[in-house]
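Read the single chain below, which is given as structure tokens and is the form predicted alone.
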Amino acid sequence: MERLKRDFSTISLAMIPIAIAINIAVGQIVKALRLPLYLDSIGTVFVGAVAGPWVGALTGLLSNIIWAIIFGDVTNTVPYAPVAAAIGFLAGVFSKYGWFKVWWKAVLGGAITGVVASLLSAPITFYLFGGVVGTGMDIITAAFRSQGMSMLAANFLQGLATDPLDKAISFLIVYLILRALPDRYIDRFSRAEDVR
């Protein structure tokens, strides 16, 4: 319980809205460009890495809810809030074991997180949206469908084809940010020793 209190420090709580703004800004740019990536969890991954799994999970959860409120897009964002929470949680877990200290471990942690995210999000996409969400990912889903696969199978394969790369890139970006930030800034967070 004491560790959890330290993780939810003032600096961590202050970082959550900044992380949410980063998620939304980058996510909206990628969405507008209709790229077959999301890159909408960089802020969540950062908070998970420096403040622990539960703060990362809260950041991911709130990010999707606030995104829905700002853009009035409740249907396409709120159902994926548990997935965003899982991404933040896993970033905190990988950080705990020092995976953000070495670039290739950060990339591997991101890829593993991407597999988990795809397994969680494919059923949501299929059951709530019929397998189509109106993003660049639909092109990949359509390609799998053209091979005669069911929509659910195409959603799973689309996730497995894109989410590990997306999260690996996000984790690598966070690794690079952590290397670029001065120690005096990182040291303010409860999990500084896990990323330095």
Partner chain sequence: MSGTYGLYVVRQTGIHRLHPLTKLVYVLVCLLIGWLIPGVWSPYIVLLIGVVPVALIARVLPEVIKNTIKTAIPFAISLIIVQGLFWTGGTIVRQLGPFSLKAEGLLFAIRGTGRIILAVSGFLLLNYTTRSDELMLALSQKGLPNSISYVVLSTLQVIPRFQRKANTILDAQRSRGLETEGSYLIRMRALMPLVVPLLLGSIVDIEERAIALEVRAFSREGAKTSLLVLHDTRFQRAIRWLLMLGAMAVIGWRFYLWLAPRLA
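Everything quoted here is computed from the prediction, not taken from an experiment. In this text, rigid core is short for the largest set of C-alphas that superpose within 1.5 Å between two forms. Numbering follows the first chain given and starts at 1.
Keep in mind that the form predicted together with the partner chain is missing from the display, and what follows is about it.
Colleague: Is there a heavy atom of V74 no more than 4.5 Å from a heavy atom of the partner chain in the model of the complex?
Modeller: Judged by the heavy-atom cut-off of 4.5 Å, V74 is in contact with the partner chain in the model of the complex.
Colleague: May I ask you to check whether P36 falls inside a 4.5 Å heavy atom distance of the partner chain in the model of the complex?
Modeller: Residue-level check for P36: yes, a contact with the partner chain.
Colleague: So in the model of the complex, is the partner chain close enough to A57 to count as touching (4.5 Å, heavy atoms)?
Modeller: Residue-level check for A57: no, no contact with the partner chain.
Colleague: Should I169 be counted as a contact of the partner chain in the model of the complex, where contact means heavy atoms within 4.5 Å?
Modeller: Answer yes; at least one heavy atom of I169 falls within 4.5 Å of the partner chain in the model of the complex.
Colleague: Heavy atom within 4.5 Å of the partner chain in the model of the complex: which residues of 174 to 189 meet that condition, in order?
Modeller: Heavy-atom contacts to the partner chain in the model of the complex: L176, I177, A180, L181, R184, Y185, R188, F189.
Colleague: When you overlay the rigid core, is the Cα of I42 off by 2 Å or more between this form and the one not shown?
Modeller: After core superposition, the displacement of the I42 C-alpha between this form and the one not shown stays below 2 Å, so no.
Colleague: Which way does the C-alpha gap of L33 and L176 go in the model of the complex, closer or farther, given it changes by 3 angstroms or more?
Modeller: Closer together, by at least 3 Å.
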